[in-house]
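One chain is shown next in structure tokens, namely the form predicted alone.
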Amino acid sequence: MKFIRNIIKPQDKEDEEFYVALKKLLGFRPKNINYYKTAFIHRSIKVLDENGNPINYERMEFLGDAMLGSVIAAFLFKTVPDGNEGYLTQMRSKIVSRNQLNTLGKELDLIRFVKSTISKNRMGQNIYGNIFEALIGAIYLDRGYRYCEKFIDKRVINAFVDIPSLENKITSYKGLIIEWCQKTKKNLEFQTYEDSGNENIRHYSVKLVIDGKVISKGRSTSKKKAEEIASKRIYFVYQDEIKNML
């Protein structure tokens, strides 16, 4: 019994503070805080288990991503009985989009728990969504599916999911432009090149070419972001035509 009590109520001061903060965040008592500790270990710490396997949040993130997708899929299946497979898949993608998960992780201030050798202000925005998913993975391992479902229902579904609003939400302008060009038989090309100029941070520029003509440009610190910016600019030029076609 002593062993069990030590798991539920840690005696170490740092663990005790973590336990109290975690209990408040989750809305229930964690049984084994070691799962949650792992959910906030960054790979830069280079912690290994007794078999030499790395211990960090990435495996927890994988599990949490699957659990989140499962809970959201069940919610949509029950809530939208007339939605076909394509519609349900698209809606799930909108709910669990990287931007949305980053926002949720940031609102919960999960970064405060992260153990890393890298300064937190140097971490990319995706760290917030990654550890949010890792936290869900830890909940599943600690308390099972039902508690996982309750947490997602409270923090994700009740917090921001509104079906009518999500139906009109665009999560990827690039994907939308590609689909539009395919349906209208237009030749689409993204011409991407490195463009750092006099800046210390690497930048990329993109020319979005349709039927041999440069229609828009985008520039950012990653190819993906630059392509999305260029695609978004095209969308607002042709949005009426795109909406009618799609």
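These figures come from a predicted structure and were not determined experimentally. Position 1 is the first residue in the sequence shown; the rest follow in order.
If you look for the form predicted in complex with a further copy of the same chain, you will not find it shown, but the lines that follow are about it.
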| query | finding |
| --- | --- |
| Segment that reaches a further copy of the same chain in the predicted bound form - one of 185-193, 25-33, 64-72, 217-225, heavy atoms within 4.5 Å | 64-72 |
| 4.5 Å heavy atom contact, R59 to a further copy of the same chain in the predicted bound form | yes |
| P81, heavy atom within 4.5 angstroms of a further copy of the same chain in the predicted bound form | yes |
| Non-hydrogen atom contact F132 with a further copy of the same chain in the predicted bound form at 4.5 angstroms | no |
| Exercise: R92 in contact with a further copy of the same chain in the predicted bound form, heavy atom 4.5 Å | yes |
| In the predicted bound form, the residue from V161, V114, L176, L141 that sits within 4.5 Å of a further copy of the same chain by heavy atoms | L141 |
| Partner-contacting position among I170, L108, L88, I157 - heavy atom within 4.5 Å of a further copy of the same chain in the predicted bound form | L88 |
| a further copy of the same chain in the predicted bound form: contacted by all of N53, F77 and E149, heavy atom 4.5 Å | yes |
